[in-house]
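First, one chain by itself: the form predicted alone, in structure tokens.
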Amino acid sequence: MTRAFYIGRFQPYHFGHHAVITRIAEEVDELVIGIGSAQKSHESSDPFTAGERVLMLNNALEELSIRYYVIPIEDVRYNSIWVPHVAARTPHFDLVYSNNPLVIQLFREAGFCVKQSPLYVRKKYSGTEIRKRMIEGKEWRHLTPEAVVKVIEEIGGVSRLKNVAANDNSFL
């Protein structure tokens, strides 16, 4: 049995993430999905709480035929202990999927096998683009699974994002 690890901020979860996770699910038996920067919320670049992101992922992944675990992981600003920090918060995994150069380097140095994640129209499907569209009042719903749209609408996510970004241009 192969269990893999994939991490993202999921601010918000979108069809790019969904395509990557669907592809990974074809290659492994189980998937541990880490919600990175779990301590962050109510910021223009990180508007959603860890709990809201867990809900987004769980609702959007219901149709996948793979066992998965969604686990919030707080940042550690000390790279040499980050991989043990992740490992202490997750079930054991054999393989890591990532395109982030630092994540790849840290996991390889720790002895993990790392595969590059398949990318899926990254320019169109990006949290940055979706948050920008939300702030500017442009259409964004077509970029996320319907289950995610429902969570964002239920929590007043667009209004929250507009409020926290009112004097903050860091979302770009």
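Please read these numbers as outputs of a predicted model, since none were measured by experiment. When you see a residue number, it is the position in the sequence shown, counting from 1.
This protein has a second form, the form predicted together with a small molecule, left out of what is shown; the following refers to that one.
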property: Check all three, W82, L119 and R122, heavy atom within 4.5 Å of the small molecule in the predicted bound form; result: yes
property: Of A50, M134, L57, V103, the one that lies within 4.5 Å of the small molecule in the predicted bound form (heavy atoms); result: V103
property: Partner contact for P145 in the predicted bound form: the small molecule, 4.5 angstroms, heavy atom; result: no
property: Contact test in the predicted bound form: T90 vs the small molecule, heavy atoms, 4.5 Å; result: no
property: The small molecule contact at I7 in the predicted bound form, heavy atom, 4.5 Å; result: yes
property: Touches the small molecule in the predicted bound form: D75 (any heavy atom, 4.5 Å); result: yes
